[in-house]
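Before any questions on how it binds or moves, here is one chain, the form predicted on its own, in structure tokens.
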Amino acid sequence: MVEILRSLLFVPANDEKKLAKAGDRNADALLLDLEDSVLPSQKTSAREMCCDFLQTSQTQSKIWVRINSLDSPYCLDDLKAVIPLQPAGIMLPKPDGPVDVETLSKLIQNLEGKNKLVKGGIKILPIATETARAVLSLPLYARVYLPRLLGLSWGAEDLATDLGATTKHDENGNLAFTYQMVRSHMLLSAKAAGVQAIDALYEDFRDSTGLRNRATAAFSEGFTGMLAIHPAQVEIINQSFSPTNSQIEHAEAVVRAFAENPNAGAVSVDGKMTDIPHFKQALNVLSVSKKIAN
């Protein structure tokens, strides 16, 4: 059973202090970043620190690595360094679409073979919307066999740059229509592909109320997790992407009612008529509660 990753905390791989504390943050996954948070002059040292963390950390969190993009001069060195240490997964930035995930899969498989590792254990999570070409390729994820694909995530900053936009927000400070559309399109594409849907990070790490509102809404929409930019966001995200006790109890009541009435297309639960779509929603709630990491 694949564990659902609710919180994925970015940790700059070249920041010794943040690395030292990262394992105690209770994030479902740590994303050791070799890309945006690391200057070109620090790529080598960041890679070395990342490898040291992979070798020595005792954290219960899954350890993922965000490598540099496939077209960068650093990507192959990143992979050659980290794959032998078997991270849980690789986050792929700036892919043009599933074809880049396929390319990365082949690179990982080759390195698994050279290092005599069990093949297929290292998963891939692309940030699937960072270019216009990538956005238009989203439907293809459901049409290609990608066994390493754990989920899809999205981001607006690099997309705004690719579009030549001056801002990603509207006059009210909310995401502009284009980016709301991209977010929904990514969610639909992830679900069509049968993988997890990871929402973008919430930038204002001091705004706990805003984060909780955003994360709770995302969970209700069908997102399974969310990127985190600060340790203070982890607990809120974990809570928001976990079914509540009342949701679990209601789901159990729905499943129990249908079990007691196996030939019924609809049953009464708490005085309300409940039909097959509600039954399927209940099964999903119970499935999510079982798959949640740790």
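We number the residues from 1 along the sequence you see. Since we're looking at a predicted model, the values are computed, not measured.
One more form of this protein exists, namely the form predicted in complex with coenzyme A (COA); it is left out here, but the text below deals with it.
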Practice prompt. Counting only non-hydrogen atoms, choose the one of 229-237, 245-253, 52-60, 262-270 that falls within 4.5 Å of coenzyme A (COA) in the predicted complex.
Written response: 229-237
Discussion item. Which residue, N26, T44, S69, S37, is the contact with coenzyme A (COA) in the predicted complex, using a 4.5 Å heavy atom cutoff?
Written reply: S37
Worksheet item: Looking at coenzyme A (COA) in the predicted complex, do all three of D77, K80 and K106 come within 4.5 Å of it through at least one heavy atom?
Response: no
Worksheet item: Could you tell me if A282 has a non-hydrogen atom within 4.5 Å of coenzyme A (COA) in the predicted complex?
Response: no
Worksheet entry | Contact of R206 with coenzyme A (COA) in the predicted complex (heavy atom, 4.5 Å) | yes
Worksheet item: Might L152 be said to contact coenzyme A (COA) in the predicted complex, defining contact as any heavy atom within 4.5 Å?
Response: no
Worksheet item: Hey, in the predicted complex, does L201 get a heavy atom within 4.5 angstroms of coenzyme A (COA)?
Response: yes
Discussion item. Residue by residue through 5-25, which ones have a non-hydrogen atom no more than 4.5 angstroms from coenzyme A (COA) in the predicted complex?
Written reply: L9, F10, V11, P12, K17, K18, K21, A22, R25
